[in-house]
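First, one chain by itself in structure tokens, the form predicted on its own.
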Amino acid sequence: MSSMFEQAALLALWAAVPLLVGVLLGLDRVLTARLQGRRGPSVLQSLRDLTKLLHKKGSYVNRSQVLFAYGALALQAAAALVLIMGSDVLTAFLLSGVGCFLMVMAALSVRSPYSHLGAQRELVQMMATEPVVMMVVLSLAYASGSFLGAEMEGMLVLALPLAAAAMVPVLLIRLEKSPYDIATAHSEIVSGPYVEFSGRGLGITKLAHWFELGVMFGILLLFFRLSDPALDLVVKGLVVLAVVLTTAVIDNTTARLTRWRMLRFSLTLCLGAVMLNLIVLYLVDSGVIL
């Protein structure tokens, strides 16, 4: 019976992922407004915006655009479900990656130069983040001895501090924040891969993106797990708030970099840090380093 209640609670958490991410994005908007000397909107404004979009009819350029968008949403939601249920983290990562690629295909399925340019930049962002997250997942699996999220126990951040730190630039990129708001640079290419979406279709793409962010935050939180449920929840909440605050500060104190500088930074510093952390951990486990 307890197992049934636990599964029901996990399913409820999965359903609440967009709500939680929407609140975090609303909090980010409030922090940004405060840093710029403005009052800003309500914390719930992002959820209100999404609700309005989903209630609008919208229009589509072609059927492929619709299929790719809904496919992206289905895969991102499935990735979040796999992660929340404590199943294979690598599977969740791969599902999320394919979901991101479907959004690129949706952008390429229309005849818009802005959409195509946004799709190309989205691919560069994927090239910058996917290898790093892949190595992070492999590091978590090596440190815990399993790819199952339910078996990744303890404060793995103590063994993998560099890998955990590398997730912050990844989240900065996936949150589309400066200096890495490459694909959706409003002053250059309007809304990038989302420019040809409107109404309900645009809402579907945002919902898919929110599930994707939920997966990225979920992978980060695997570094922090305590035996006490209440304390574990508090620690995870503090970690998420710290990341949101950090990304908001960076966003408002930096200018946009070129996509190639983003790629070099991610594949050298971030990926190198994760690999160095994994090598050191292996040497410690082998007894080479005491």
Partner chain sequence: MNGRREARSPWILHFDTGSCNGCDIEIWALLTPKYDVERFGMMNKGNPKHADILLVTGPVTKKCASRLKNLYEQMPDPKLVVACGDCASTGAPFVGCYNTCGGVDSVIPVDVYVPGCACRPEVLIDGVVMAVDKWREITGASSEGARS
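Residue numbers count along the first chain shown, from 1. These figures come from a predicted structure and were not determined experimentally.
The discussion below concerns the form predicted together with its partner chain, not included here.
Here is the short version: of 84, 175, 202, 156, the single residue with a heavy atom within 4.5 Å of its partner chain in the model of the complex is 202. Of the residues given (61, 226, 43, 238), 61 alone sits with a heavy atom within 4.5 Å of its partner chain in the model of the complex. Its partner chain is not shown here, but in the model of the complex it comes within 4.5 Å of a heavy atom of residue 195.
A residue is said to contact a partner when one of its heavy atoms sits within 4.5 Å of a partner heavy atom; residue 48 meets this definition for its partner chain in the model of the complex.
Proximity of residue 52 to its partner chain in the model of the complex: non-hydrogen atoms within 4.5 Å are present. The closest non-hydrogen atom of residue 264 lies beyond 4.5 Å of its partner chain in the model of the complex. Counting a residue when any of its non-hydrogen atoms is within 4.5 Å of its partner chain in the model of the complex, the hits in 19 to 39 run 29, 36, 37, 38, 39.
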